[in-house]
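Just one chain is shown here, as structure tokens, and it is the form predicted on its own.
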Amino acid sequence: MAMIITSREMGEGMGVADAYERSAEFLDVMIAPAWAALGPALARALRGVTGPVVDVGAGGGHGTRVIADAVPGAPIVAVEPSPGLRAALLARVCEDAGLRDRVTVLPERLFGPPPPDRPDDPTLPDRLGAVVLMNVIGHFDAAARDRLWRLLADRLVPGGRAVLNLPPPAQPVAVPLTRFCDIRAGRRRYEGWGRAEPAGPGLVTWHMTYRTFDADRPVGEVTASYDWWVLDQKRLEAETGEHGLLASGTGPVELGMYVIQRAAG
């Protein structure tokens, strides 16, 4: 079973406090290898899209760069509520003049509690060419997903689409402790480990451990846990279908990627 690597560790739909403050320094570099496969598949799924594009849970911006290349000239709204990841995202955007002119970074949760002086949702365009949700849908419970499908049904332009992936597990089952990343920078080496346990109907809890070695001597360890709402293809198709949307597989099967569009007719 492939190990899930989330774009951030927080409850996007639930408004859970940001658990990523403990592990932000590791995740952007550890998720980078996964984008070697996700990037080309996402670019193909966005072929023919016009802007604007919303990147939900943009993390440190790996996917934002893919979107910018795949949809030339389109304005991009990158939504990332985790301060640690948003720092990496904003730095990545600002160091590239092309991104700096096109990418707006928003700190709000997509469906978080409304600030007293702002509307319920972030400042999203009224019409959307695409919405990208890579490594993030498990942070949405059923109620938040319903709001998401309604948003897509209401705002996608003709030919517009959402692109998301369903990382394993698809059911609330235990995932044994697995090392999902091992990278080196200078004389230091960084390992990422994770395991999951069932936490209720449709829910697992991931327990992550990030270890640092200096010349192979352990010098640090950080742990973090977060809830993840599991979703399989059958339920995805049923939920989106209730809103007049059609979910279709795209890209290599092992990536678990889907395109969501308005159903014909």
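Since we're looking at a predicted model, the values are computed, not measured. Heads up: residue numbers just count along the shown sequence, starting at 1.
Below, we turn to the form predicted in complex with a small molecule, even though it does not appear here.
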>> Within 4.5 Å, heavy atoms only, which of M208, L231, I31, V66 is in contact with the small molecule in the predicted complex?
In response: I31
>> Using a 4.5 angstroms cut-off on non-hydrogen atoms, would A130 count as touching the small molecule in the predicted complex?
In response: no
>> When the contact criterion is heavy atoms within 4.5 Å, does A162 count as touching the small molecule in the predicted complex?
In response: no
>> I'd like to know whether V56 contacts the small molecule in the predicted complex, with contact meaning heavy atoms within 4.5 angstroms.
In response: yes
> Does any heavy atom of W35 come within 4.5 Å of a heavy atom of the small molecule in the predicted complex?
Replying inline: yes
> Counting only heavy atoms and a 4.5 Å cut-off, does the small molecule in the predicted complex sit next to every one of V79, M134 and F140?
Replying inline: yes
>> Looking at heavy atoms inside 4.5 Å, which stretch does the small molecule contact in the predicted complex, given the options 188-196, 82-90, 168-176, 147-155?
In response: 82-90
